[in-house]
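Single chain ahead, by itself, as structure tokens, in the form predicted on its own.
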Amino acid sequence: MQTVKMVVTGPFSAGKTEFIRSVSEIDVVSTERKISSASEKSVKEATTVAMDFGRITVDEDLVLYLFGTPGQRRFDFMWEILSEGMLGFIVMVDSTRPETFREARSILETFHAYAPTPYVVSANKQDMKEAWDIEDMRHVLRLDSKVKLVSCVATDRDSVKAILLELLYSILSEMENGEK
């Protein structure tokens, strides 16, 4: 059986934990703690402090292991640890919070420096009326036209599966090209 390690990263409150929860076939192992900061509490009640872990079986020969990173910089020491052995990563961006776009770009660059593996940028919360248009996000995030920027709703299993498949195809393509 082949296993593929994928990392789900992004700024605080981008939807990483929800993304993994919506698709994992096991109960997600989560290290969430209550938030004490008033400014962060206004966004959500708890935050990941080490990692989230989920698993999805694609078929009898392939299993995806999903590792979610903490989004807060004070826990960024976990990023390099979680990136070890990853075959690809997803950068979650809350498309309703443009104030986090610069941080999302920085996280993307950090993970790409850890391992130059395939990645997908996920524009989460596209079901909300205040969500930014995908092409406007591409421009502000300074993403090349070749970078996969995919619309997402982290609570929707089919939306999450589509992003995972997009990344999986990129990983498999890179593996095939590397073998030639």
Partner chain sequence: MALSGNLRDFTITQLLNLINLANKTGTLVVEGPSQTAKVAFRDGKLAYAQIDQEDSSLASVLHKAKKLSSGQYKSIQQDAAHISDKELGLLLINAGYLSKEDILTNLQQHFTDIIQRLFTWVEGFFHFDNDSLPPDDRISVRLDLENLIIDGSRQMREWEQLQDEIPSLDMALKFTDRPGANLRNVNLSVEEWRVVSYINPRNTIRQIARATKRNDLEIRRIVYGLLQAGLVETTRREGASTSAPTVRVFPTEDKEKQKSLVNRLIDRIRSL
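Numbering follows the first chain given and starts at 1. Quick caveat, the model's predicted, so the values are computed rather than measured.
Although not depicted, the form predicted together with the partner chain is the subject of the following passage.
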{"query": "Contact of G85 with the partner chain in the model of the complex (heavy atom, 4.5 Å)", "finding": "yes"}
{"query": "Exercise: V58 in contact with the partner chain in the model of the complex, heavy atom 4.5 Å", "finding": "yes"}
{"query": "Contact of L62 with the partner chain in the model of the complex (heavy atom, 4.5 Å)", "finding": "yes"}
{"query": "Contact of K146 with the partner chain in the model of the complex (heavy atom, 4.5 Å)", "finding": "yes"}
{"query": "Stretch 1-16 - residues with a heavy atom within 4.5 Å of the partner chain in the model of the complex", "finding": "Q2, T3, V4"}
